[in-house]
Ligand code: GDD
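The chain that follows stands alone, in the form predicted on its own, written as structure tokens.
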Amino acid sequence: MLAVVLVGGFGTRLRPLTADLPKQMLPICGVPMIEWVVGHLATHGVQEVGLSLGYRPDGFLNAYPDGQIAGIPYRVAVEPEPRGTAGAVRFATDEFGVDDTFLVLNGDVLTDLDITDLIEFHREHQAEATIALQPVPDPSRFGVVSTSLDGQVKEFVEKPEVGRAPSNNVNAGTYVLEPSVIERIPSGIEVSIERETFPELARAGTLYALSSSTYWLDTGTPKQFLEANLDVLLGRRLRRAELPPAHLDPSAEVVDSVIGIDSRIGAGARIQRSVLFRDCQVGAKASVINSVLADSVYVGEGARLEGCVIGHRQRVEKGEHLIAVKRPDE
């Protein structure tokens, strides 16, 4: 089965981390996010991946020049301009020549979803499209779905007002689709699968959904990206990762943090609930708390970072204190 992974977004909420890389190439415990997504697909029998690309396609092509990601062959479709979620699916499937049941996934969602179960449900109900659902406490930031007892979608409401959602089951960003869905999507224009395609399928009575309380995380903000790393580190995922080697002074204190390969942590430094990418340098008695540091960041002696996101090759000088103001998207 082919899985189309949507990875064309700009990742604006994750800047400056995404100034040089697409967000799906950012590391989760040292492993690029896209490898977590594709590796999970492989455990459910997916044999080929199609990447629907937009922003910085070179980031993927340069990283995987042998045509495989996590051992799975991949192809690419690079949109000439943004076409929305459904438009991206239409463009990619036209490029790939899809003629059988296929998967579509949002590439910035990390999940332990039982995809095999979702496919079986889709086929048992002879659905045209099936959405994976995830129950959440506050569904107002998501596409909310209500279903009948057999799973047929009655209503699909994208980001309803607080307190007006028809259920607490939200669109989890994994879909099983039949080729007929492609023909419902106009070619060459921007189309939203959430606001246009799914409501049309619901009206036709051919859209189904299956709820599953599994690990699920949208990684679109720095806070969520940090959480994704800590979830792996602390064993909250089905799959674990070996942390890359780093150089820690014996007197340094590292608590619930990911330290990237070739990074160096000085004497008396404290790293807490943070993620450091490759080749970071943290000086003596510096502290880094609830922060994310991209590749080759320098933090001087006695400096203090709290709640910060520091871009590639940036410097925080000796004794400098940076405490971030909470951003509205967090």
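Note that the structure is predicted; figures quoted are calculated from it, not measured. So that there is no doubt, residue numbering starts at 1 and follows the sequence shown.
The form predicted together with this ligand is left out here; the points below concern that form.
A.B. asks: Just to confirm, with a 4.5 Å cut-off on non-hydrogen atoms, which of Ala202, Leu177, Val258, Ala88 contacts this ligand in the predicted complex?
C.D. replies: Checking each option against this ligand in the predicted complex, the one that comes within 4.5 Å is Ala88.
A.B. asks: Which listed residue (Cys29, Leu53, Ala294, Val37) meets the criterion of a heavy atom within 4.5 Å of this ligand in the predicted complex?
C.D. replies: Comparing distances to this ligand in the predicted complex, the residue within 4.5 Å is Leu53.
A.B. asks: Within 4.5 Å of this ligand in the predicted complex: all of Gly9, Gly84 and Gly107, by heavy atom?
C.D. replies: Yes, the whole candidate spot contacts this ligand.
A.B. asks: Looking at heavy atoms inside 4.5 Å, which stretch does this ligand contact in the predicted complex, given the options 236 to 244, 114 to 122, 212 to 220, 67 to 75?
C.D. replies: Looking at the other structure, the answer is 212 to 220.
A.B. asks: At 4.5 Å between heavy atoms, is Phe102 in contact with this ligand in the predicted complex?
C.D. replies: Because no heavy atom of Phe102 falls inside 4.5 Å of this ligand in the predicted complex, the answer is no.
A.B. asks: Check Glu194 for me: does it contact this ligand in the predicted complex (non-hydrogen atoms, 4.5 angstroms)?
C.D. replies: Yes, contact at 4.5 Å.
A.B. asks: Report whether the minimum heavy atom distance between Glu158 and this ligand in the predicted complex is within 4.5 Å.
C.D. replies: Glu158 belongs to the contact set for this ligand.
A.B. asks: Taking heavy atoms only, is Asn171 within 4.5 angstroms of this ligand in the predicted complex?
C.D. replies: Because a heavy atom of Asn171 falls inside 4.5 Å of this ligand in the predicted complex, the answer is yes.
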